[in-house]
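This document opens with one chain alone, in structure tokens, the form predicted on its own.
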């Protein structure tokens, strides 16, 4: 399950994807990546698309599943799990995508969009959707501090694509973040945004899982 070589997707590029599926599912109540959507596990949906869009795939899994599914063992945090995946990506990979298994409906087209942006010169690329709600910055005691202009805000998704060296350098000092783009930005990298997909929803709660199952049944 961890490696799939299907030939170069972009001329002169070797594209590998790390699918992060090592979470414990604390907010969901169980490891959601192993829940079924239309007789297939969430992680299997994510991996299938990553394989179609990449030259190779590394799947990062909990220790209880990694050996039996030919994956690599994740770490105690998301960033640590990505680093576990990075260690298994061949050194000749030129572009590395990172994708959360909890987004099972990311399209092959979306993978190509972020990869194309990196091929065009960006250090990294992420899908993003416009923020439709008004956002407030608040203090620790829930007092509004400021209101950012939502026209300058996007809600970021995965897959995120990066020049391999840029991503490896961003992880070199073992930093922590909720996404890899933040680490690349902090390290001085230039990250661009491509149009995201509303169907590329992150499954976080049981209600999200019900939505995903309804989508596959054509009920939404």
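All values reported here derive from a predicted model rather than from experimental measurement. Residue numbers count along the first chain shown, from 1.
Although not depicted, the form predicted in complex with ligand C5P is the subject of the following passage.
In summary, the region of this chain contacting ligand C5P in the predicted bound form, judged by heavy atoms within 4.5 Å and restricted to 129 to 137, 112 to 120, 143 to 151, 99 to 107, corresponds to 99 to 107. Within 4.5 Å of any heavy atom of ligand C5P in the predicted bound form lies no heavy atom of residue 94. By the criterion of a heavy atom within 4.5 Å, residue 75 is counted among the residues contacting ligand C5P in the predicted bound form.
Contact check for residue 33: a heavy atom falls within 4.5 Å of ligand C5P in the predicted bound form. A residue is said to contact a partner when one of its heavy atoms sits within 4.5 Å of a partner heavy atom; residue 202 meets this definition for ligand C5P in the predicted bound form.
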